[in-house]
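A single chain, nothing else alongside it, follows as structure tokens in the form predicted alone.
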């Protein structure tokens, strides 16, 4: 009987150790699960979420560590999917802080919006968010969908803007996530704004290595790659300009619940105040080249920025 009790105690200790080790999942590991059904988060804890996108997780971790440095308690729920998955939880109060991208989020709620400038987009966003949610001050950093072609393809057909795609033989094949097909800046948008016919070749890695490979090996002629992705510069891709503002500004903007009071909001906004696009590209670069975790990347940047003191 004593031996059995000892074995049970040892098993419980082992389980506790495993749980502690899994509290911060590194990039590329199994996504962090949401809290089990039936459990609750203490009222004093802020739940911070992230999309299933490595750069978004890094931003979430910046907010998390900055809040912890000021004595707040946070719970991390990273890699929980895309908007269709996490927005209902955000609206229901299960997530308190979510890094978002202003223009895309606005068009999720209002596909007919006429806002185009960063300020107008943020103002319009505040008006369409579900009750209990609000946007904080957006960062200068943007990470938006962008159409990219190889340098050789751009030179061959004289491409520098989306309008120039009419010079290339169509229909143009574009590598992108499958939902790109229905986005306002997808095939319908290109046809409406620029008279360009494109077809989407589904590559479900959000502009990642598989998308880059499809563009480099000629499987497609263009690719949707987020503008802060270091692969654009590394491969000398040409990002086609968008003179008609088909793609809205996608500044990094935290969406927060009513649990985020003025002092917590100020901490998050202090991070955003120093987060520009160059900084975001550099943060992403560390993840891609060093395979560093979001926790390591965030701590180094926040320390250098003087936000952990």
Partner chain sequence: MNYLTQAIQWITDPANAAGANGVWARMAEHFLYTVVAVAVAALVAVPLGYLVGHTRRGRGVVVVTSGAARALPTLGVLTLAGLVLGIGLAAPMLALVLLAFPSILAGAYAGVEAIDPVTVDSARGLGLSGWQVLTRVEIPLGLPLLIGGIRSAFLQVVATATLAAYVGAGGLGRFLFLGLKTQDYPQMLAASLLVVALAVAFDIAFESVEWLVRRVVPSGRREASA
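Rigid core (definition): largest C-alpha set, two forms, superposition within 1.5 Å. Since the model is a prediction, treat every value here as computed from it, not as a measurement. Positions refer to the first chain, counted from 1.
The following text describes the form predicted together with its partner chain, which does not appear among the structures shown.
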Which one, 134, 192, 213, 167, lies within 4.5 Å of its partner chain in the model of the complex by heavy atoms? 213
Check each of 203, 223, 125, 198 and return the one that places a heavy atom within 4.5 angstroms of its partner chain in the model of the complex. 203
Distance check, residue 152 to its partner chain in the model of the complex, heavy atom within 4.5 Å: no
Heavy atom to heavy atom, is residue 178 within 4.5 Å of its partner chain in the model of the complex? yes
Contact test in the model of the complex: residue 71 vs its partner chain, heavy atoms, 4.5 Å: no
In the model of the complex, is there a heavy atom of its partner chain that lies within 4.5 Å of any heavy atom of residue 158, even though the partner is absent here? no
Does each of 84, 111 and 217 have at least one heavy atom within 4.5 Å of its partner chain in the model of the complex? yes
Just one of 73 to 81, 94 to 102, 233 to 241, 170 to 178 has heavy atoms within 4.5 Å of its partner chain in the model of the complex; which? 170 to 178
Looking at its partner chain in the model of the complex, which residues in 127 to 147 have at least one heavy atom within 4.5 Å of it? none
Does the C-alpha of residue 203 move 2 Å or more between this form and the one not shown once the rigid core is lined up? yes
Spell out whether the Cα of residue 173 moves at least 2 Å between this form and the one not shown when the two forms are superposed on their rigid core. yes
Given that the CA-CA distance for residue 179 and residue 116 shifts by 3 Å or more in the model of the complex, does it become closer or farther? closer
